[in-house]
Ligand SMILES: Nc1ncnc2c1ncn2[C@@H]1O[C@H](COP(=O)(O)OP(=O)(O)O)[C@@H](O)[C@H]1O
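Encoded as structure tokens, the following chain is the form predicted alone, with no partner shown.
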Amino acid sequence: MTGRAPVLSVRGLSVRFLMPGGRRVAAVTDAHFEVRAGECLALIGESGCGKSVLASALLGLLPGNAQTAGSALLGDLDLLTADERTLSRTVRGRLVGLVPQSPAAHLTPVRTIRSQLQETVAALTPARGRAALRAAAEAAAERAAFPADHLDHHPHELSGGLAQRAATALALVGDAPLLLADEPTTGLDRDLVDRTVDELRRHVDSGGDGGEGRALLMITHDLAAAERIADRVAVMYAGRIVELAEAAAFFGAPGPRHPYSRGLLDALPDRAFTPIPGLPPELGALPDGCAFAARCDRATDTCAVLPPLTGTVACHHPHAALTEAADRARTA
């Protein structure tokens, strides 16, 4: 993966919300990461840490009281400074396909799934006749494992899992170089989670020789889904990315180095099943130093100073790399 060019390169992305009375909420702070051609980067963290705000910033969907800084380059295009005309006509659907967090709300309630797929095909691909549109819509549904006998149903007639598949089919129509999946497994049972992320992985892998033309940024709090699909992992806490790691090393040996990342894994039922104590800080009242210090058993006075992301981890006292044997013993 390391030799491939980045599809998306994010540098210093920050999002602030200006609230009544002049108060500012730091939803995302100084995010740096890349999503390379042919890979899936999973952005993980607890709910409310800023993951979905970051996704909205990339698509130009932030509310009017938001202020952004930094850059997010998709090729030569900076998504943070692009105007609405460029975003609506060039980016959304064509360069970035979105699998939304709430698929039922994303679908048009008075239109059948077939008509919505056909309309999307017509908008994103060269002109086609009616028969070709119908065939392309059915092919898109098949790619997302959406059943053909439900194509003429309206969104309210679908289960949550089928609505998710319909939204996934719509996202895949344009063969966008970047697929952005925002909590794509919410509300799905484990079998549907596995099938959904496998479909997203196939989209990346079918993007050329080894999937070199496509990339996937999956935003999720579902660590099992991330482990199944991701090549690399970015961990976000209180609006900051605190660790970047190869997925195999993160979920296996040597394991994550940031105490928060390790706490996320140790909270899983198939691991230590030990929850992280305390609650995340409010994004509008972050401490000057490490935002995780109040919940961390490794914290010292040094943590009153904000740790930079040095290499792959932002922590004054990161866990040392473990041997494979020691890691197996820790998680046994």
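Predicted model, so just to flag it, every value in this text is computed and none were measured. Position 1 is the first residue in the sequence shown; the rest follow in order.
One more form of this protein exists, namely the form predicted together with this ligand; it is left out here, but the text below deals with it.
With the partner removed from view, the residue among Ala57, Ala37, Leu264, Ala27 that has a non-hydrogen atom within 4.5 Å of this ligand in the predicted bound form turns out to be Ala27. Checked against this ligand in the predicted bound form, the candidates Pro275, Gly278, Pro63, Pro269 yield a single residue with a heavy atom inside 4.5 Å, and that residue is Pro63. Contact with this ligand in the predicted bound form holds for none of Leu13, Phe33 and Ala234, as no heavy atom of theirs lies within 4.5 Å. None of the heavy atoms of Thr68 is located within 4.5 Å of this ligand in the predicted bound form. Heavy atoms of Pro287 never reach within 4.5 Å of this ligand in the predicted bound form, leaving it off the interface. At a distance threshold of 4.5 angstroms between non-hydrogen atoms, Leu283 is in contact with this ligand in the predicted bound form. Taking the partner from the other structure, this ligand in the predicted bound form has no heavy atom within 4.5 Å of any heavy atom of Leu41. Residues from 45-65 that approach this ligand in the predicted bound form with a non-hydrogen atom closer than or equal to 4.5 Å are Glu46, Ser47, Gly48, Cys49, Gly50, Lys51, Ser52, Val53, Pro63, Asn65, in the order they occur in the chain.
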